[in-house]
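Encoded as structure tokens, the following chain is the form predicted alone, with no partner shown.
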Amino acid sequence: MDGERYTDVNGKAIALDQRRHASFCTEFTVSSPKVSIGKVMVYTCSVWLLAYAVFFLTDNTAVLSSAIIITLIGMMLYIHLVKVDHESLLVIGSLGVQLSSSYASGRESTSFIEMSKIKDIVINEAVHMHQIIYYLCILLRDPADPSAVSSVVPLFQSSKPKLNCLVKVYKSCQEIISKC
């Protein structure tokens, strides 16, 4: 890359990796920081200390057991279903776009959108609480009316990169789409 640093909408550092496989094929990967062991330890210790305090007051061992089980299940669900390590966008001119997400547990989710279904790739904006958030999205062509949009597919939903990162991806995507 060009050494530019990127952050997400919350100010956390993220990495953008762009691989150009050919003039009509580019892959973008946005990587988020790994799960912090320190935060996991703090969360686990605070839940277990709270459970121990309740156990101390009630002399009920079920409180300790349930706190341990709930914490472990919660961490496994978070790692398997929520925490995304990296998201990638593979744009192949005249063929389509592949979207992939890799979770902290190793699970991967992939989908493909044919180029004939894509009307355009745009940067959209949304108001969230007291700030404006920009996001990259694919506009899908309405089969009944090709000039209309049937739905919007947001990209990089977990990593939520800021505008400077989105502009870089957008420009490359438009360059490839214009060649089709």
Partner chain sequence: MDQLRKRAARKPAPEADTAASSGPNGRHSICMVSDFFYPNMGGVESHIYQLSQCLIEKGHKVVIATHAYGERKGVRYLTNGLKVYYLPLQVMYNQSTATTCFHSLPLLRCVFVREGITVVHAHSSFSAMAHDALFHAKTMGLNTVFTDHSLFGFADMSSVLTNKLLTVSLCDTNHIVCVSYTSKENTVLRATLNPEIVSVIPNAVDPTDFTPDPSQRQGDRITIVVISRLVYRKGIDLLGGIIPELCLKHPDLHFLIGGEGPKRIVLEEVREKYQLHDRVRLLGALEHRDVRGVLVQGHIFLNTSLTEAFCMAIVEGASCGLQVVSTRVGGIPEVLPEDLISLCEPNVRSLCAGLESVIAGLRSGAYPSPTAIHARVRHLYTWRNVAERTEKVYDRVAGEEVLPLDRRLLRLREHCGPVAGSIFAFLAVVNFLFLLLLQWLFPDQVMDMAVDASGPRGLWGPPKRDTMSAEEAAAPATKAE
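This is a predicted model, so every value here is computed, not measured. Residue numbers count along the first chain shown, from 1.
Omitted from view is the form predicted in complex with the partner chain, to which the following refers.
message = My question is simply whether residue 58 lines the interface with the partner chain in the predicted bound form - judged by any non-hydrogen atom within 4.5 Å.
response = Because no heavy atom of residue 58 falls inside 4.5 Å of the partner chain in the predicted bound form, the answer is no.
inquiry  = Can you tell me whether residue 39 touches the partner chain? I mean in the predicted bound form, with a 4.5 angstroms heavy atom cut-off.
reply    = Result no; residue 39 lies far from the partner chain in the predicted bound form.
task = Indicate whether residue 44 is a 4.5 Å heavy atom neighbour of the partner chain in the predicted bound form.
result = Residue 44: no, not in contact with the partner chain in the predicted bound form.
request  = Look up in the predicted bound form whether residue 15 has a non-hydrogen atom within 4.5 angstroms of the partner chain, and give yes or no.
outcome  = Although the partner chain is absent here, residue 15 would stay clear of it in the predicted bound form, with no heavy atoms inside 4.5 Å.
task = Would you mind picking out the stretch of 130-138, 61-69, 47-55, 28-36 that comes within 4.5 angstroms of the partner chain in the predicted bound form, counting non-hydrogen atoms?
result = Selected range: 130-138.
task = Using the arrangement in the predicted bound form, list in sequence order the residues of 9-36 with any heavy atom within 4.5 angstroms of the partner chain.
result = Contacts from 9-36: 9, 10, 11.
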